[in-house]
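Quick setup: one chain, the form predicted on its own, written in structure tokens, and binding and motion questions come after.
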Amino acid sequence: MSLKEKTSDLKRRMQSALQGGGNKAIEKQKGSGKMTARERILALLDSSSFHEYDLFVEHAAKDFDMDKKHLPGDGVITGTGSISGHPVCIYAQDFTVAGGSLGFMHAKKITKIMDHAMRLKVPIIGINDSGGARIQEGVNSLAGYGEIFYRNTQASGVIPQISVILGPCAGGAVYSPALTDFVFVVDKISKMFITGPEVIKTVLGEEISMENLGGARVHAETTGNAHFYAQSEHEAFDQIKQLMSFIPWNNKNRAKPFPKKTPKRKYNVDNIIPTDPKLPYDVRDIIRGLVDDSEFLEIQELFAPNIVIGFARMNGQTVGFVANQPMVLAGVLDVDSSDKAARFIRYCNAFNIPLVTLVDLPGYLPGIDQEHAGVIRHGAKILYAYSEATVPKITVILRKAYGGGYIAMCSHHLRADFVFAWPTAEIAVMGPEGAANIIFRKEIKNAENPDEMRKAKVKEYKKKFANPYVAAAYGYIDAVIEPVETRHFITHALDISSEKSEVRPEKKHGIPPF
């Protein structure tokens, strides 16, 4: 064949492969409100930046008449491209080809691009849209999943790993997203579950809808498996692009700096906290009053909302925020909020992102439900994560900091680099009312007017302990500051600790309270 004929043959083969499962399957995909795999990649990456690899890979299965079936690309598209000019590796499962089912060569394509990402030290993005393991390939499909899981684990803390659930993600397939750093879901499109409704009905005799079992809202709000929730695929892609602007491309670098900006005037930290210490407020307004351009990217907004986590910038540099949310359960720590915060703290530490902690909580949530759910073990995770973290750690106590909650929220005792407190800070073993009832029990019981005596003793306790000055006298607080000074104190602390270095005991790794 001449070069011209060979080129013509190449184009014909490419055109055939690019058709995926064919027009009918593509129409069905779009009819269900979903984009095709290739459309998704092109929508997410910079224009004209996508380079596809392994287009001509075919499955090697022979049983169950598989040798007679043509599966273009074996149901997955892989390649490289860029987001905002920065390189990424990416794969997208193609549901139009055998339902995006994972076979041996399908998995091999994914692991190959994951290996590229690790060698090149760039993020890996996986778009999941698959019915699960390809049954016809038996144990080879299971082996494929195992190879992916192993690479997810090896890449953890080295390069960012992002999973986008844009269709079903069933059975063993769910564990790859669970091992990655950030999971994005889209309402009415994303489905994650171990066993489907049919199996549950057969085994347990229970009827349950797919949406209630493992829909996007369930994983964003109830299970905590999803970090970002969107109403459309395009919104999810915008969220990914925004996230990528905050995080570094690997664990050897820091996030790209941006031009410095001041917070917007409408977020005045002087006017956010109520004068009545029992009244709630939105801690996100405090964050927006401190950060550049008041831009805050919240993570897991719908899950465990009694704690707020996310990224922002201060003087152009990315910072991770952890803050108690007084609007929900008074900002207490519980099983879910401890898990949520601890995982985020460890991510920031792995990728060189300084941590700012805003404290306002009455402690850990009491009750038999929490005790039985393992609040001791889960609550210890946040203690472990803060103690383990070696990035710059700056804490600001806004209001309440009682009991174990004071310690857990990055106190000096867990090696915060700087701890500041507002004049409204109350640092004590427990709240004034409860403490007065215990300390002054006899005086209150024997008083002619117990109610008046209780009020007097609560006032006495507040005057002595419910303020930042006792802790400051012991050096547990570095400075008591006015709210208006907070941004200046934090940015200075970040600047002065930018070259922070710590030597820790030599060990293979610690044993977190998983």
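Sequential numbering from 1, following the sequence displayed. Please read these numbers as outputs of a predicted model, since none were measured by experiment.
A second form of this protein, the form predicted together with a small molecule, is not displayed here; the remarks below concern that form.
Shown alone here, Tyr229 lies farther than 4.5 Å from the small molecule in the predicted complex, counting heavy atoms only.
In the predicted complex, Tyr145 approaches the small molecule with a heavy atom inside 4.5 Å. When the small molecule is considered in the predicted complex, Gly310 lies well away from it, no heavy atom lying within 4.5 Å. Using a 4.5 angstroms limit between non-hydrogen atoms, Ile135 touches the small molecule in the predicted complex. If you check the small molecule in the predicted complex, you find a heavy atom from every one of Gly131, Pro168 and Gly172 within 4.5 Å. Between the options Leu302, Met210, Met327, Ala373, the residue in contact with the small molecule in the predicted complex by a heavy atom within 4.5 angstroms is Met210. This chain is drawn without the small molecule; in the predicted complex, the residue among Thr318, Ser411, Thr357, Ser101 with a heavy atom within 4.5 Å of it is Ser101.
Heavy atoms within 4.5 Å of the small molecule in the predicted complex map, among the stretches 333-341, 264-272, 116-124, 136-144, onto 136-144 alone.
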